[in-house]
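One chain comes next, on its own, written as structure tokens: the form predicted alone.
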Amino acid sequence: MIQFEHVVKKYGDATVLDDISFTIEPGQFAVLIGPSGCGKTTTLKTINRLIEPDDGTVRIDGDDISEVNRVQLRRRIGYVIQQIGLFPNMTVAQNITVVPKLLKYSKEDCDKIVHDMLEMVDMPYDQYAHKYPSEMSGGQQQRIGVLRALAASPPIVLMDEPFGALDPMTRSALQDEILHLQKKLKKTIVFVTHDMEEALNLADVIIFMENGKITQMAPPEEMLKNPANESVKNFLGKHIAVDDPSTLTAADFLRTNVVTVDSKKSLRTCTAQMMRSNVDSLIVTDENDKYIGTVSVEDIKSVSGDDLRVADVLKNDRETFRVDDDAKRCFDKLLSTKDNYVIVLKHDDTVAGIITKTSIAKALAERLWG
């Protein structure tokens, strides 16, 4: 159990944490969320004493952590950050067993931990244990960062926007994996994010912060039904159920994790980007990030020449929509075309996102059944 009792943190005249109190129960997945500068990362770092509060008390299982040796405390708390922080001169196995070795685990126990941890995320020991971080993708490195935090079986794991720098597909896969690990290992996880969709996917309880205070602490379903104020409501955005479908706009159904390419890029670069992102078309933008068309695998196959650029083959015959356009009009267009998605633009002609047939089905299901 993690308890904050009237915790205050100031930097000069600025109050970062303003008399906050809350309790996270054992085994809960708690997500801290809120606008930039709201105090969520500071809150997280007070749990392992990377930041010391100016007033108030933080307790773990009833013990005041200010009376616990910092080093001993941190060895009992896993910590995962966005920058991953793997030691580049150590193999995967060595990275995973950093804390167990500090805790004097035997070589046999360390080997078993590496085998068990890699097996849990479907990374075969023989293939990955002896690799160095530079030999793996960003998603694989982040998996090892998570495993390292779990290796000594700490009861609490802190995660500070661990998936923020990853591409959407890898991010989604890692969210699923961390949920699976949390349910299997029954750890208390405190997770910082700025992405409400991520919070809703992961959390048992969401702690919404604003200006150093806790605005609302509730399970996702309660927060969706009864947002405490306009700030919470704005963060929830499209996830809040809407009673009147005529008020729905394109923005309510957007997928924002789209893959774009600059029109000046070579076709070789464009093809490589498609392969990395596992897509067969890309949205093309100009030097000001404004939408100018699309390019597909078929478009690239239809031409030849090593010096060709994306601008030479792009097409701009797709109908586009604005974020505040009527959602039904977007749906009607999408369902009547052979295209897999429609493009939604902001009012400055930059890309807001896309609406796909899958996102329609998912969004309607969420609104019908939650």
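The first residue of the shown sequence is 1; numbering continues from there. Not measured: the values here are computed from a predicted model.
The next section is about a form of this same protein that is not shown, the form predicted in complex with a small molecule.
Undergrad: Would you kindly say which of Thr320, Asn48, Thr41, Gln28 lies with a heavy atom within 4.5 Å of the small molecule in the predicted complex?
TA: Filtering the options by heavy-atom distance leaves Thr41.
Undergrad: Tell me, please, which stretch of 299-307, 32-40, 62-70, 341-349 lies within 4.5 angstroms of the small molecule in the predicted complex when heavy atoms are compared?
TA: It is the stretch 32-40.
Undergrad: Would you classify Lys233 as touching the small molecule in the predicted complex, given a 4.5 Å non-hydrogen atom cut-off?
TA: No, no contact at 4.5 Å.
Undergrad: Is the gap between Glu161 and the small molecule in the predicted complex 4.5 Å or less for some heavy atom pair?
TA: Flag for Glu161 set to yes.
Undergrad: State yes or no: in the predicted complex, is some non-hydrogen atom of His194 no more than 4.5 angstroms from a non-hydrogen atom of the small molecule?
TA: It does: once the small molecule is placed as it appears in the predicted complex, His194 has a heavy atom within 4.5 Å of it.
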